[in-house]
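Quick setup: one chain, the form predicted on its own, written in structure tokens, and binding and motion questions come after.
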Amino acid sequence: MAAHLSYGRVNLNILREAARKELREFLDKCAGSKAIVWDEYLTGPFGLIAQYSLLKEHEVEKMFTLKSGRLPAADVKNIIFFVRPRLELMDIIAENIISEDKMHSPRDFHILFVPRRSMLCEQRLKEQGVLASFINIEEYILDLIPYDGDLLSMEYESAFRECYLENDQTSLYHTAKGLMTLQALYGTIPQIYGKGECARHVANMMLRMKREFAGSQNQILPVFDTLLLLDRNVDLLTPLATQLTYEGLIDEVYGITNGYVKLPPEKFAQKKQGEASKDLPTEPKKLQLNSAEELYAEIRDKNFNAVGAALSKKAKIISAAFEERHNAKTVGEIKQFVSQLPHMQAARSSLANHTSIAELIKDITTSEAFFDNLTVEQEFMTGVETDKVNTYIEDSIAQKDPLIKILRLVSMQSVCNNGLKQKVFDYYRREILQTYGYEHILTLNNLEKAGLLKLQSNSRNNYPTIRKTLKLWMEDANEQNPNDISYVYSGYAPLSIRLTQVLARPGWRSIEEVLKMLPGPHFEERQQLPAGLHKKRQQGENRTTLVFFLGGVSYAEIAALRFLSQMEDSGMEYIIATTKLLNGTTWIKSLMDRPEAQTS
């Protein structure tokens, strides 16, 4: 099932197996038949670790979503609550248990907190008078979840908000713990580099945890050579821009959640010859997206303008393969053709799916609205008229376009101009509040606090210097056969990935001045390896760097890192880890104070 996790330089299946083993051990503690009551948010991440078949093997007979009121009827001995440590969820659990007690059903209750137990939650259960009903109260440490052969995410949705708005460092503690788990499985990472306040905190916590476990040195040959910790607020610009890779656009348009995307069903309806198409499906088409699918692995990181050519090339190859059947004359040849048939049919179905998705996205990317929006973004990135009110933003507000689109553009203008002039700032603020409602004043304050919207101070705008020094804008980016990471945004090279690229060669010393202009400290730490565990590098063997984005990362940035891994002369392979996979919309939404009130 998870073979694609072990194809890469680092076998991430080891991490998945460790998580599965812990889950099995917990389930076996609760002897007898079981029903699991899920906190809905956890079902997606858990699906990447364990399918229903694994739960079934351990006597899980029923699964329910956590809802207030009574629990659904289930003839089982154990009821296990899988929940995040949130107070509002404790109230629902208490309600469930009290209604069960009234029914006098002899059940055993258990609770599994993910990723940590919480004293506050246990206190709340005690106040509700149900704490004593639980036989097992445990925690299941699900920090880093393998999403693909080179990608790990904590799916900690509020990490950026907690760090930058609420000054809450819980997510950083979970990150440090997750990295310690990783080192226990893959060996100590000898070099740590970082940029930003949060990166500094995580590194400090890791080093402290290592000192506390000084006695238990792990004797594993290190798999990673370097860890790079990057704060999201070092590069606020990249997630705001519209991603232009195939995977990035699928996420921008439809949203990818836990490796799945839901698409409009009518595009995927199987029409038979001569049949009326009145019975179109109404359920969204749900597709899993990862490198286990050969075609997807091939096209996911391409600029969308190069996807059409790749799909038609693939269609020709598949047609030719099916034509081979006419050449199969002997029994042996026919047998060989038949043995390849399942693989060929899977490839044909995969091609049909991705051709449909590409058509859906092309309808959007060829629209005037998409082009106008992109033009404004690229003007901001190249520093064109960033210091006055933008007429496109003005018109978009007047037409009451979705608020998140407006917030993304205004934030982008602010970031590219190192803040907005008082007059411009006040104008946007007034227009947004008058058009979309005064309740959004809280959201605007949050964006200010996070540094996305700010007033220009007297200090000069450093963005042009950063852009020139790091070559963040490349004219005539080659979208078809890229030679630089800027292809992922058709011209703009993500700042976060440029920093990663420069660190590998020639090193951060060459850009000291620029690093000082970006927020937060930059640092380097070394971790001592036990004797005999120093890697002997073979001639031509690549180094492996784990890049950890604190506060989230976009699919376009992931594509840019994969591009660097594949470059002939880079000598470096990258594994990507993050607190959350995000795009500009989900990121801004996480900073809104009433996202459900946003006008769509």
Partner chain sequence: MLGEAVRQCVEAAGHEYDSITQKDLLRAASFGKCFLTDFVPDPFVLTCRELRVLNSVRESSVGLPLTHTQFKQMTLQVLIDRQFYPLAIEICRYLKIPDYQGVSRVLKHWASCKVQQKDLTDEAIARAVCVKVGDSPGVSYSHIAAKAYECGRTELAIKLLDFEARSGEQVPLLLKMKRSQLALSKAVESGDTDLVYTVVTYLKNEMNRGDFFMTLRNQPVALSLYRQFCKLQEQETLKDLYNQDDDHQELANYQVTASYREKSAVDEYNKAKNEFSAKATEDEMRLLRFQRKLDDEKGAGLLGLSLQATMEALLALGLHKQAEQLYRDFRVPDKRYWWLKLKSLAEKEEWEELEKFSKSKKSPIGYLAFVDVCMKSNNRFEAKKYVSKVMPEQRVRAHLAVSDLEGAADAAIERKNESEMALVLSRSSTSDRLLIDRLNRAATVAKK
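Residue numbers count along the first chain shown, from 1. The model shown is predicted, which means the values in this text are computed figures rather than measured ones.
Beyond what is shown, the protein has a form predicted together with its partner chain; the following relates to that form.
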Study note, to complete from the structure: Among 302 to 310, 496 to 504, 327 to 335, 395 to 403, the stretch whose residues bring a heavy atom within 4.5 Å of its partner chain in the predicted bound form is 395 to 403
Exercise for review: Would you please decide whether R211 lies within 4.5 angstroms of its partner chain in the predicted bound form, comparing each non-hydrogen atom pair?
Suggested key: yes
**Study point:** its partner chain contact at D168 in the predicted bound form, heavy atom, 4.5 Å
**Key:** yes
Practice item. Indicate whether K314 is a 4.5 Å heavy atom neighbour of its partner chain in the predicted bound form. Key: no
Practice item. With heavy atoms only and a cut-off of 4.5 Å, decide whether E138 touches its partner chain in the predicted bound form. Key: no
Check your understanding: Looking at S459, Q434, Q528, T282, which is the one with a non-hydrogen atom within 4.5 Å of its partner chain in the predicted bound form?
Key -> Q434
Practice item. Let me know the one among I318, I441, L341, I98 whose heavy atoms come within 4.5 Å of its partner chain in the predicted bound form, would you? Key: I441
**Study point:** Candidate spot Y260, K286 and L550, all three touching its partner chain in the predicted bound form (heavy atom, 4.5 Å)
**Key:** no
Practice item. Just give me the residues of 412 to 434, first to last, that have a heavy atom within 4.5 Å of its partner chain in the predicted bound form. Key: D426, Y427, R429, R430, E431, L433, Q434
